[in-house]
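In the block that follows, a single chain appears as structure tokens, in the form predicted alone.
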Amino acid sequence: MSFFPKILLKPDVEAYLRNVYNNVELVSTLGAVEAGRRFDCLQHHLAHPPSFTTVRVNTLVSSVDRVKELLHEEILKQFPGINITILRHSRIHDFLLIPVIGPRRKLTQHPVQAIVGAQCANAVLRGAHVYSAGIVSASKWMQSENEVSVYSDVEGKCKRGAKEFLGTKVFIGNGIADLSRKEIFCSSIPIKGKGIRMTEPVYLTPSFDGVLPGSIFLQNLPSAVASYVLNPQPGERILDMCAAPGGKTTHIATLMNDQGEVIALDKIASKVEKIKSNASLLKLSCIKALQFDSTKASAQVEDARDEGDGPPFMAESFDRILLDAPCSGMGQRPNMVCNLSLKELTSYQPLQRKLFTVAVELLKPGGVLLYSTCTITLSENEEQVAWALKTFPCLELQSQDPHVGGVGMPGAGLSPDQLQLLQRFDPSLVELRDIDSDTMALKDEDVICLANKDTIGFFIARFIKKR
């Protein structure tokens, strides 16, 4: 049993990503040893959660300081006797940082065991409880209210309903069973709701299920940075091309003081409903969520609808556009196992370019286009920037504010000056460390510096369309 694994990748995917981190430009800049070290570091970081849970405050309904007080009270209820310091980010002003304590290596492991799938385990590592649908296997004597040790089946080899599993498994913490084994596996209808309440997770982070609804929104730090870099202004018309589930959409609307119009598109109906639900929960009225394929969002004049309706939309009809593009998601954390094939991993570039082309058509002269992904590959990030600058002479790469992440990665032929304008959050650039009370004794600026670096993998490029 491995307690502290690196991400499990298919061999050809691992080789592909290793080549990304050992490309000629990067090796000439860092040296082969450092480039190789960074890739090894990346693999370990991806399997573990960032050092901080980050929470966005809905400043239209509550102050950051008041929410900070309420969250502190909630954390004390969940973890009596454990003092966790909540810190306000110095540059992302509506964000609170909550340290993730762990990994806690001295937890007692119980005889009663439950095996969960890798995706369920990822959620547990970020503070979730175990829902019954995520339980793959349980000890034959597991009863409600038993103390249970929970493990992740990282290789996906455990058979559903098994009474014992001897394959590769990773301990993710202890909890109390809400259901017996019989209730989980022998019911004639699928059982919903919590199966195990996590009481001693390996990574201690609070559950936000039902906590301060409407006042907070769980969001990764780089996603919030993207909204700030877009810099939406009250009264503008803004397009979010791939908006679900609506984290950036609602943040944009909040930064605009809910004044103007934010068009949020997604081609899947259930995801559009999620955007609407989040907008309603956060009491935002300027968001219009629509089911539509953004690759078809730009129309000829004779086919376009009136400016107040749509899509498709008339050319040059938006002040700012966010293209948070569909991507391979290789920056998501924690991610114990990636099941993508190499073909799947490398399949996103054409779609991203099709969406980018539509975005350029819909953007007004003088308008801002923000391109972002939650992945770490060159082909979906810096290579797309190089392609865009070559394909669209009307675009100019701009500096970003705030710029709290790293710069772009060499390897796509961009100049050093151009790389400085990009913002790449790369988990390989920070030392993997245990977080405990001693860490929280650091100066606030040192803690915030750690939070800025130890994030999900993310990429941001900001363009202006020249007049």
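No experiment lies behind these values; they were computed from the predicted model shown. Throughout, we count residues from 1 along the sequence that is shown.
Heads up, the form predicted together with a small molecule isn't pictured, but that's what we're talking about next.
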* Structure fact -> Per contact check vs the small molecule in the predicted bound form (non-hydrogen atom within 4.5 angstroms), the hit among 333-341, 138-146, 189-197, 266-274 is 266-274
* Single option in 119, 347, 257, 295 placed near the small molecule in the predicted bound form, where near means a heavy atom within 4.5 Å -> 295
* Structure fact -> Checked 244, 179, 395, 158 for heavy atoms within 4.5 Å of the small molecule in the predicted bound form; positive is 244
* If you check in the predicted bound form, is residue 325 within 4.5 Å of the small molecule, heavy atoms only? -> yes
* Is there a non-hydrogen atom of residue 107 within 4.5 angstroms of a non-hydrogen atom of the small molecule in the predicted bound form? -> no
* To do: Evaluate residue 212 for contact with the small molecule in the predicted bound form, applying a 4.5 angstroms cut-off between non-hydrogen atoms, and reply yes or no.
  => no
* Within a 4.5 Å heavy atom cut-off, is residue 162 in contact with the small molecule in the predicted bound form? -> no
* Quick check: do 7, 126 and 128 each get a heavy atom within 4.5 Å of the small molecule in the predicted bound form? -> no
